[in-house]
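Given next, in structure tokens, is a single chain: the form predicted on its own.
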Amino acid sequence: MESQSGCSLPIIYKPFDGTEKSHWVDRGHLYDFLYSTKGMRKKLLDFGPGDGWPSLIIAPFAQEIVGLDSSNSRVQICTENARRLGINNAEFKYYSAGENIPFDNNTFDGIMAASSIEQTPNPKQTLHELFRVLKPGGQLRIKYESLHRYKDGKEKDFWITELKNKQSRIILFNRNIEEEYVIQYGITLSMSRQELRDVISKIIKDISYANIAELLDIIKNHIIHVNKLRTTHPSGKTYAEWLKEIGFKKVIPSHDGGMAAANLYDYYKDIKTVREVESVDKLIKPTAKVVCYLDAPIKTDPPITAIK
């Protein structure tokens, strides 16, 4: 993917727009990660930076940031984004998922992980590695995709994504919420996304996971590759138990600075004097600083801060 965010990230791809709720949320996430890792003028690790998020928006506040990703293309894109933005204190490196993180013990003051730990082959072992490279007293902030949001009808799903060279991919999801894992099937096709949609619209009125077999039979001659992936998606409760077992001194399930910023937007959206990033930040910064340490019920799968 040229951009995991669809080039939608404020600051990284777009100027900040105070009339957009998502831009407020992004600032909320920024200060959430900054304060929950105590990252001001510190050395931080961004585990799984995607397009360079949150590395590149936090870089102006940090001493140094290293982004670590198991995709060479993502490392390249993050590096290009940093160069384009003139950011010199952020570096992006490749590592092979499932292997040891390529840093010495006690390297980082803080670590950020945004929906990335659950994408590794062994999330618990990944937490062990993050613990190892974090300095004593350092803080890890985790935001993650648990499976409880998919209850009641979304356990089985599919996506259609566009690829290069007039190819597309169907991704099938089979989510086991109780056992906290997902089986995914990736089916690569020798037809574009639009061509696939045209075929679907002519033959199948209402495509769903239930009739996916019918669709695959129709397009079987266009299938060029199929792969299968199993990922573990721990709940907040499981994460908290693992973090304590690994040796973190304190584990804090808390509220989210991004959600707090969304609520601030709803309150201030009609006030025209709150539009520029500076005026928005004046509202979000103190709020995020409080809520990222404000206890939240673990059953809601909130973000978690773990202190070594």
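Values in this document were obtained by computation on a predicted structure and should not be read as measured data. One-based numbering along the sequence shown.
Another form, the form predicted together with a small molecule, is not on view; read the next lines as being about it.
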Segment that reaches the small molecule in the predicted bound form - one of 119-127, 182-190, 234-242, 220-228, heavy atoms within 4.5 Å: 119-127
Residue contact check: Ala260 to the small molecule in the predicted bound form, 4.5 Å heavy atom: no
The small molecule contact at Phe47 in the predicted bound form, heavy atom, 4.5 Å: yes
4.5 Å heavy atom contact, Tyr95 to the small molecule in the predicted bound form: yes
Interface membership of Leu68, the small molecule in the predicted bound form, 4.5 Å heavy atom rule: yes
Residue (of Ser115, Asn211, Asn105, Gln194) lying close to the small molecule in the predicted bound form, criterion heavy atoms within 4.5 Å: Ser115
